[in-house]
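Encoded as structure tokens, the following chain is the form predicted on its own, with no partner shown.
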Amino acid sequence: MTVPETHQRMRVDSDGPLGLNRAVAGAPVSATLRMNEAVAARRAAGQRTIHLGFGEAPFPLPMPLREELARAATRTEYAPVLGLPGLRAAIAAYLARTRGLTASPTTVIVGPGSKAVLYALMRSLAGDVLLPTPSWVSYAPQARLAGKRVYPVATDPADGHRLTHETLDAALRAAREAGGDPRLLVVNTPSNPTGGMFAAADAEQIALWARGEGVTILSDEVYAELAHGWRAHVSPARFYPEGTIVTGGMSKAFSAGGWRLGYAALPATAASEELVAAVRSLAGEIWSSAATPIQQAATVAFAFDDTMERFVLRSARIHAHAAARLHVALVEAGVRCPQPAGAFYLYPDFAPWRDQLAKRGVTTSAELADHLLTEWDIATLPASDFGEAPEALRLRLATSMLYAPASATPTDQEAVLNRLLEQADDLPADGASGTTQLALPALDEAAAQLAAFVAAQ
């Protein structure tokens, strides 16, 4: 019998020959992966679907990476657990060049995706987790799987979900009063789901707060290269280098999510040596090493020559252009939505239509997402998947699956995406609306359908 794939939680009984470990019993399927699979199933059944529910950098793999992967294809040996020395050195140099961070190759950890590296760090570090709300769907489950308690840090929707020292103080105090031992703060800049990004002053304020409280920052900067241009990416590690761990990977900037190659850059301190050793031991028992050919090809990416730099810049401009266009369309339709500063996400709020939606039986973000999918053919993700209260009527929209026709062959999709990359140089560097308008019919369809939904309320 085939077990149907649904978004329901797993059975919780632990008896019998296949009884579940209670650490994972009841854990939901990843919301983003669940939605992507649901869209694929709808399309396979011939159902029209506007895919705003999954964020993936879709551009064709840059030629230097293809060529290096081909050359490395016969490298079948295990790589060192922490990564190829050349790759670790390239990542350290890349962070110094592009972000002004001081990193040592000896404190760079490479793994099979930044997701795995983040979990290994949470499993190795002491203390509970402070987590801003909203935040990426995997942080809280990973922390709990690592045996940690998670304490939310409130953010203000009216202020673009900024993280402030006042809300951090309140969360720290509440966590300690509840018997917690919060020593880790997980941040994500640019943010999934909001598309927001720390201003330099906010990054400094958060870093100095963490230093004063003795809190380690896990700064997930996997979207750092996809800043939209009107705000510079600034890492909190610039202001708190001894207490900030920066993570990133290949999936966003280099459009190589399926390569599953991520990294963490730890402070170049004596304390980091013990943490590196702990992660090495854990990784050695779980994943042994990231795939050797992928690591060798990634070395070329992080060497960041002119070809790679141009590819990343063009990709970032297209993401900014698409997000800005959808943002304008939402605002013109009367929807409250913070202006995205990076990545390819928007986080609109449909609370002004709460009463009208309630008459249709829609009172939560999950019900709103379901309503949009079943009645309007729009796939989104609800705010509740990102840690918000069920009644928050916010949704995460991702624009990156709208650049090429879903029905086209892979070859035709690649041709469309390459044409977009060639046109990206004409786009404004600050992400603003300019005279150049890329041909993005799926994006226009999404904007029109969302406007029609709002008008129908």
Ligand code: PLP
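For every residue, the number given is its place in the sequence shown, counted from 1. These numbers were taken from a predicted model, which means no experiment stands behind them.
The following text describes the form predicted in complex with this ligand, which does not appear among the structures shown.
Here the chain stands by itself, but in the predicted bound form one stretch of 245 to 253, 229 to 237, 310 to 318, 376 to 384, 245 to 253, has heavy atoms within 4.5 Å of this ligand. Contact annotation for the candidate site: 115, 220 and 223 all lie close to this ligand in the predicted bound form (heavy atom within 4.5 Å). Contact annotation: of the candidates 302, 136, 347, 350, the single residue with a non-hydrogen atom within 4.5 angstroms of this ligand in the predicted bound form is 136. Interface residue among 99, 260, 165, 123, judged by heavy atoms within 4.5 Å of this ligand in the predicted bound form: 260. Residue contact check for residue 188: one or more of its heavy atoms lie within 4.5 Å of this ligand in the predicted bound form. At least one heavy atom of residue 192 is located within 4.5 Å of this ligand in the predicted bound form.
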